[in-house]
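The chain below stands alone and is given as structure tokens, in the form predicted alone.
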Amino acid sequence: MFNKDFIFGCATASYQIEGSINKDGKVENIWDRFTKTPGKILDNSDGSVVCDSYIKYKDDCKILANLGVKAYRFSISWSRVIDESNKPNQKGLDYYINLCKELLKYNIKPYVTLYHWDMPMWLEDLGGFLNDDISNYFMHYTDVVTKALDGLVTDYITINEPQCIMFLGHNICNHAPGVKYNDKDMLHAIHNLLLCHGKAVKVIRENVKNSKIGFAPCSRPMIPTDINNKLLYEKCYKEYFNVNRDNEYANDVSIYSDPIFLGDYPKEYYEIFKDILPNIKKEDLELIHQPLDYIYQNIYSATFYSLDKSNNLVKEAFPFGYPEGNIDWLQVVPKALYYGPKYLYERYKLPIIISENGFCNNDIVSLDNKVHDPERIDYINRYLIELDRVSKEIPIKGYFYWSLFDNFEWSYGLKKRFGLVYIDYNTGKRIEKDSYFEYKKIIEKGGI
């Protein structure tokens, strides 16, 4: 059982649920543009309607209240609240003001993510994260949002999954904006992204009384196959934070988290990338290294590792038939929520909140007009057991299930379902799944 003050919540993101992409002065963002490109989205869908939460937010708040959560993590659409002249759009701000008021009516605490991947297109046209002024634009946006939500929101997450922003959006380019960066540009963009974070934290501290702030990267922990082998554990820990100059370094943990939590990039970063380093100033690192309250982390899956006869780390293949979700990267490895938090706390020494964890299932509406999803129920229970186990060793403050609703799952479109609530995309009807009621019971009990 978790501590009585443990935070049970659910999470969503603006572009994935809101719809109304042309309503009330919202301007085009990178996903609005990206979804228009043939072949980019699996089913050729987009975010124009999805869950229609921009219109149905009051109904959605009732669903949250009935679930029993006391925390709801959602993101602000930058392009909904700032226009193409870089000025506030009051109608867009009013939506989030009203959403927060509705949540608070049910004693549900808003947890606001400032950037969940939907940069205004006009800013991307100015260079996006390669524009050295991007952090000033982000600072202005943060100032507008925090002042508008003054008295309603104290908990903020600056940026969600920087690894996906950079690797998926600018390396393999199956996410918006789909602009390929070379290695030099990638490091430059990462540094600018971290400056966005640092400047946003300063603004939040200035504008929001009693603020609680974090940053939400993602990771795939390394799981030792022999839990009693100390050397294997140490090598898995080291590999989790390792920096490699390979095709996937933009997915690394420490490139983003070390500057934020420790005040500098890892030593090996400077050695590996010495020929293409961005201009890193001492004052930049001081700005990025703002005091934070939590380590947020999005964790879904993990990979097993063993040692060979020479004590070299060896990645183990998942055996045939190993349980996995209905999406290619989600293998069911509950120990991810034991080892991931353990590694992170060991290095960064701050309380941990799991900001995303969830299961993609091939959900259907059965003949009884219900959605039975035993695989998701099993996933939630097994992962929370491991999170509870590690909470006896390190400070674990909360867990946000991803996602409250089935939604627009980026390049997969509407084909993949993570929600506790089923969305009929033809009618907009919401159906609480069996997992919704299971999570409700877990919340009521305070754990598994």
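Position 1 is the first residue in the sequence shown; the rest follow in order. Quantities reported herein were computed from a predicted structural model and do not represent experimental measurements.
FYI, the form predicted in complex with a small molecule isn't displayed, but the following is about it.
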Q.
Since the partner isn't included here, can you check whether the small molecule sits close to all of Ile17, Tyr72 and Asp406 in the model of the complex (heavy atom within 4.5 Å for each)?
A. no
Q: Using heavy atoms only and a 4.5 Å cut-off, determine which of Phe34, Tyr383, Phe400, Trp410 is in contact with the small molecule in the model of the complex.
A: Trp410
Q) the small molecule isn't shown here, but in the model of the complex which of Asp155, Glu161, Asp373, Asp258 has a heavy atom within 4.5 Å of it? A) Glu161
Q: Spot the stretch among 224-232, 130-138, 185-193, 115-123 with residues whose non-hydrogen atoms come within 4.5 Å of the small molecule in the model of the complex.
A: 115-123
Q. Is Tyr54 close enough to touch the small molecule in the model of the complex, meaning at least one heavy atom pair within 4.5 Å?
A. no
Q) Just to confirm, Tyr379 within 4.5 Å of the small molecule in the model of the complex by heavy atoms? A) no
Q: Report whether the minimum heavy atom distance between Tyr106 and the small molecule in the model of the complex is within 4.5 Å.
A: no
(Q) Just checking whether Glu356 would be counted as a contact of the small molecule in the model of the complex - the rule being heavy atoms within 4.5 angstroms. (A) yes
